[in-house]
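Taken one at a time, structure 1 and structure 2 that follow are two forms of one protein chain, written as structure tokens.
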Structure 1
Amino acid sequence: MNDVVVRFAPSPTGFLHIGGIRTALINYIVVQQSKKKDPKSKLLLRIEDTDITRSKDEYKKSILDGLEWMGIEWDEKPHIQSESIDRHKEIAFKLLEKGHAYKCVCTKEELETRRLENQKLRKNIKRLCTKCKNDSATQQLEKDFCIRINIPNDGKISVLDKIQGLVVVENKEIDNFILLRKDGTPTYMLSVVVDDHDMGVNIIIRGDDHLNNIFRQLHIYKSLKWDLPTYAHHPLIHGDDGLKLSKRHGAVDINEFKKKGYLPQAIINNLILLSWSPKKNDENIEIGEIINTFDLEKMSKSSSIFDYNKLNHFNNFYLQKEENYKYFEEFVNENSILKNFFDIDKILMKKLFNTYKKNINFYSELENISKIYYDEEFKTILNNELDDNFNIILNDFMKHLDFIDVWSKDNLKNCINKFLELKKIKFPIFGKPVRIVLTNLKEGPPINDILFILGRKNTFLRLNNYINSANKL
């Protein structure tokens, strides 16, 4: 068998987070590599919506939208887990019939009492249901029971994980977990195995928080004599505090990254370098090159830190590329603040972007910057740095500006340099207060860039308004 069938199986009980995207990305890359040799290889999407109380359509939409935005394409239509519940039940009773499972009537209270008793005796016993399996009356019940897996006490089970290596667990360390609840609903542990088998999944790539689930799930496979899949459990992403990445670490919903103005290229570049190295001189790597060089078995077993500074570094790199300007325009059309400004003056917006793109981490940072340049009622906030000496210099400089025929960055830069040389003025004495007059900011791009963005009309309007205000004092 040469074809590879993998799956990404998110639950619509929350928004699609950055860790989920990483798992989907790794599955996508592995399938794209395989498709070069065997076009039958597939990435399947399964929506695990059996938690009826917590599953919501808005979360499902978030998952689909996030994957599409990231360019992670799946094959076939999404599989909806809740549509296969009858099949899951069928398998639970099949296991029961073959003696690989048994009926249980233990209550939560009884199990908790046994757990506490074992704890007091310092006994680490995984299996708390001790009476039901051998109780004939319980096994003859027609209702009011759950179904538990029947795992032997002796022996061990092992798996050769593509990332974690050989992992061995003794059977006595595995609990006789529930397959079918008393209300007749299947558990995750059963449903995921049945779905993976029925969908033909032969490689399961997921986070290592599921590593312990392998041994439970393998017992189901073996009991049913189904072909065993290959496993690869990648390390989780942690925040800069060393804890598992969560909402407290910032925007973890992938669509929040989109709203802020991150590019999929930057997110992919950042995520793939967590626990894997392409062994090249620079860290910038796009999806085509990743597909050509990625090696699942070369991933580290250690968890990785998700660093927003690193992501910002990559995003700045990609948003500066000329061919990516189209993505900025797409973002503008979906951002109400920037779209309003863009509709007023498209040329001004492009000037703004080209000037500030070296200094922004993501597109939405241009919202506040744009407000400065599009403000038709802009007024300079007067302060001590704008004194009489500066006002004399500014009046003189405005005369030099007036002689410029073509309002370009180069001509403006030459004008400033010649003026400073002629007046024997050091740039900081001149530049900082001019920047304040034009933008009310002490830091920012070069003065000639600011003048170019504003254009001749707005430049003189702001300078004259300032002079008039200063003269009234």
Structure 2
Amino acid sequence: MNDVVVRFAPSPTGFLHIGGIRTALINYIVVQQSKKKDPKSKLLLRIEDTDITRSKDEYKKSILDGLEWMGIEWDEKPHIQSESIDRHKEIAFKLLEKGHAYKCVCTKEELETRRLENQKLRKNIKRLCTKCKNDSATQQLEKDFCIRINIPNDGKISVLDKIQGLVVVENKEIDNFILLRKDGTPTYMLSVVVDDHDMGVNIIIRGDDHLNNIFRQLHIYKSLKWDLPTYAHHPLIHGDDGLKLSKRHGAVDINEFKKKGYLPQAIINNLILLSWSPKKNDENIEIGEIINTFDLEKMSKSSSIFDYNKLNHFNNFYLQKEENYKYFEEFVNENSILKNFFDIDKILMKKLFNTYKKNINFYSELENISKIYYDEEFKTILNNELDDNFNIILNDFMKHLDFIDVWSKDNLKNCINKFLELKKIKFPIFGKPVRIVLTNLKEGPPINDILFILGRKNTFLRLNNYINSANKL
């Protein structure tokens, strides 16, 4: 049996952010690699919804949608953690029965007091509840107790993590954490272990904010004599202030990336380059090649900062690829502004995109650009770059334009060049004002491209409107 079972286990208490996507992505890559060796390998998805007050269906949906959009496919249907609470309770009592756990009646207040006392004395005592374990009356209670794990005070425990290497911790550093709350519900620490075991998970890949949890969880595995999984704790992504990535670092929710017009490929490319790098010098790498070359054990242990500049670079690279045009259409269909324009004139939108794709980093940048070209009420804002000389030349130019039979980029370019040659004027003197007349912008694509995008009818409409308003002055 060489099948690998990994899992991604988000809790639906918030939107799926870029850090979560990274964890899911690494799990996905590892399972795809494993499937080549053993097709029975699988990536399971588990929704950890045991925090009833904070878990929301809307978050669960956004997580599923986000993964799907990213192309991170999982096997089987999602496991819902809250559905196996009875099983978790059963295990808690089994541990109690075997002496690996004990009943505790310490109140929150008592524990808090002891915690503060220890802090004052600068003592490092992790075991806050010390009396309950040996109090026979407490151990015989039928209700109103929580169940804590019973970990020996001496000795040490170690793990050989695929990324972190050998990590050793003294048992006395590990607290007698709670398995089952007073209200009878299981805690995260217990549920994870039971679910991972029951689901057959044999490699646990997650962020290193869970590194310290390995040891707590290993004690549960060992007490139950269950097979130990292999661990791989990857470093976290930080914001540019060096702190764990969160909302205040800007767009971190995966759905925001989608809304802005980023491509999954670009996000994947950017994310996989954090803590890992391909052997080749070219950093553009797509999922297939990543699966062929990625090595979990070559991941670095240090955290990294998510670079939006580099993401923009990759996104610009991928959105220019012809085969990715379908993503543009998908985006347009979900963007109300662009969808509206698209329905008015599909060809115009396509022309726009093809001309501007070199200039934009993400699709939503086209919103403002489209507004200029789709504006039926377009009026040139008059300014001092548009003088009488120019107006006279423009009149002449329109006559030349009128002779163009096929309104193509090349014909327009030829027409412009011939006209300038004939009039013996340099391009900028004429071109810049034309750009302003047609778009109210001083910068933008070449004039022939602008004329081409607008089409014959709109070009003449805008030029005539301008001339009429200029004449009124």
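Just so we're on the same page, residue numbers count up from 1 along structure 1's sequence. Predicted model, so just to flag it, every value in this text is computed and none were measured. So that the term is clear: the rigid core is the largest set of C-alpha atoms that superpose within 1.5 Å between two forms.
One of the two isolated chains is the form predicted alone, namely structure 1. In this overlay on the rigid core, residue 391 has a C-alpha that sits 2 Å or more away from its partner position between the two structures. Taking the rigid core as fixed, one finds a CA shift for residue 418 of 2 Å or more between the two structures.
For the chain modelled as two rigid parts, C-alpha superpositions between the two structures yield a turn of the smaller part by 8°.
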